[in-house]
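Just the one chain here, laid out as structure tokens, in the form predicted on its own.
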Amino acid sequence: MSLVVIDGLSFALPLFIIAVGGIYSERSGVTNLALEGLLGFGAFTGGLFVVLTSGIFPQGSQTPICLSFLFAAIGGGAYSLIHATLCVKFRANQVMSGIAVNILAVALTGFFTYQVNAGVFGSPSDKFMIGVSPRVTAPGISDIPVLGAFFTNVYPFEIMILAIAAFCWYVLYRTRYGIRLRACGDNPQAVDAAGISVAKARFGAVAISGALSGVGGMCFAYSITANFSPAIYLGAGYLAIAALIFGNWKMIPALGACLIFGFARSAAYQVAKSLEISSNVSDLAMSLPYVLTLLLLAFFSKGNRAPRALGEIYDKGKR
């Protein structure tokens, strides 16, 4: 049970911060299917920083790990501007733009990773080896049955994610900026009539989604894959989209959905490991979160209400 909780949290929380980014984008009115590409490009940027500065910092220093998350956020945010430009400035179809951004991210990061490894390190490879993040355990409370598992072998980035998510919740629901952003997704004409630029608000929201997705992608690179490689595109972006839809574009319910996906994934892995089943069956068991995604969206999202202007191209002359 403890291993299910520990591994489940390490998957669910990065998924959650990606979903928070998606909520920001979609509450502003921009459909964001590009989360998969954004998390991948962010992880690529963070991984690139780690390998290029590997000889600068002393052995065992945590500084490169901390800075890699910053660079992942910058990389994801910068890459998301492609989606924002296509959707907001050029009024492209938002679904098609998201798909194109995802495909482009896989191609670009794979190509650049190979070129950097070949040109800088002389060893052509599609991976940046960055290692695994250290874990921490809270003394005392970790000894409590079941509950203690939430404080055992915790990745530091899990604490960071909760702090960032709390700040994002406050900004979205308790500040003037958040009110304006949410209004852009429900009634952009009213926002425009108040003298606020809908385009700038949506650009900013998409950039935030890219930055948060980049952080989530870097978390997966430090935990699940222990490197940056094409394996980082494991469908987490699409799971995050499912979580925010199931959560009715609200953060707390989206967190619940992410926890369901995370615990389902870790439980399936532990069951497969304990039964010593073949790798083929084990891979099938790991698809449980995606099966749950289909079931949750099919049976529990009928009453959800998306932002009224979600996916609509804003026309300033429309009233």
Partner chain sequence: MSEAIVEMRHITKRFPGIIANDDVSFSIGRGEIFAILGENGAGKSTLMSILFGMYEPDGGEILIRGIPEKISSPARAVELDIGMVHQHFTLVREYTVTENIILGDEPWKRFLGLLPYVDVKGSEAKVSELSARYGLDVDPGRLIEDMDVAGQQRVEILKMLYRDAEILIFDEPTAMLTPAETGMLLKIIENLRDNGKTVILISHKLREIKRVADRCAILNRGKLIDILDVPGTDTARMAHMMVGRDVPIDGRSTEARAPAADFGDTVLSVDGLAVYGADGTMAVNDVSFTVRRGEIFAIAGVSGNGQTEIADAVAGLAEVQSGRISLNGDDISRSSVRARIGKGIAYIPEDRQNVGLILDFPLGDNLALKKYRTPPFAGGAMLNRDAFDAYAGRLIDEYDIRGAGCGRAAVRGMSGGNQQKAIIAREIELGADLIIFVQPTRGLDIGAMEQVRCMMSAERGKGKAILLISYDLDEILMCADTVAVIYGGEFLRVSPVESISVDEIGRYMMGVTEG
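Residue numbers count along the first chain shown, from 1. In this text, all values refer to a predicted model and were calculated from it rather than measured experimentally.
Absent from the display: the form predicted together with its partner chain. The rest refers to it.
Peer 1: I'd like to check something about F121: if you look in the predicted bound form, is any of its heavy atoms closer than or equal to 4.5 Å to a heavy atom of its partner chain?
Peer 2: No, F121 stays farther than 4.5 Å from its partner chain in the predicted bound form.
Peer 1: Please determine whether R135 contacts its partner chain in the predicted bound form, using a 4.5 Å cut-off between heavy atoms.
Peer 2: No, R135 stays farther than 4.5 Å from its partner chain in the predicted bound form.
Peer 1: Using a 4.5 angstroms cut-off on non-hydrogen atoms, would A226 count as touching its partner chain in the predicted bound form?
Peer 2: Close contact is absent here: in the predicted bound form, A226 is far from its partner chain, nothing within 4.5 Å, heavy atoms only.
Peer 1: Heavy atom to heavy atom, is V154 within 4.5 Å of its partner chain in the predicted bound form?
Peer 2: It does not: once its partner chain is placed as it appears in the predicted bound form, V154 has no heavy atom within 4.5 Å of it.
Peer 1: Go through I196, L162, C168, L81 and name the one with a heavy atom inside 4.5 Å of its partner chain in the predicted bound form.
Peer 2: None of the other options qualify; the answer is I196.
Peer 1: Which one, 217 to 225, 137 to 145, 69 to 77, 184 to 192, holds residues whose non-hydrogen atoms are within 4.5 Å of its partner chain in the predicted bound form?
Peer 2: Within 4.5 Å of the partner lies stretch 184 to 192.
Peer 1: Though the partner is not shown here, which residues of 154 to 182 have a heavy atom within 4.5 Å of its partner chain in the predicted bound form?
Peer 2: Residues within 4.5 Å: Y170, R174, T175, R176, G178, I179, R180, R182.
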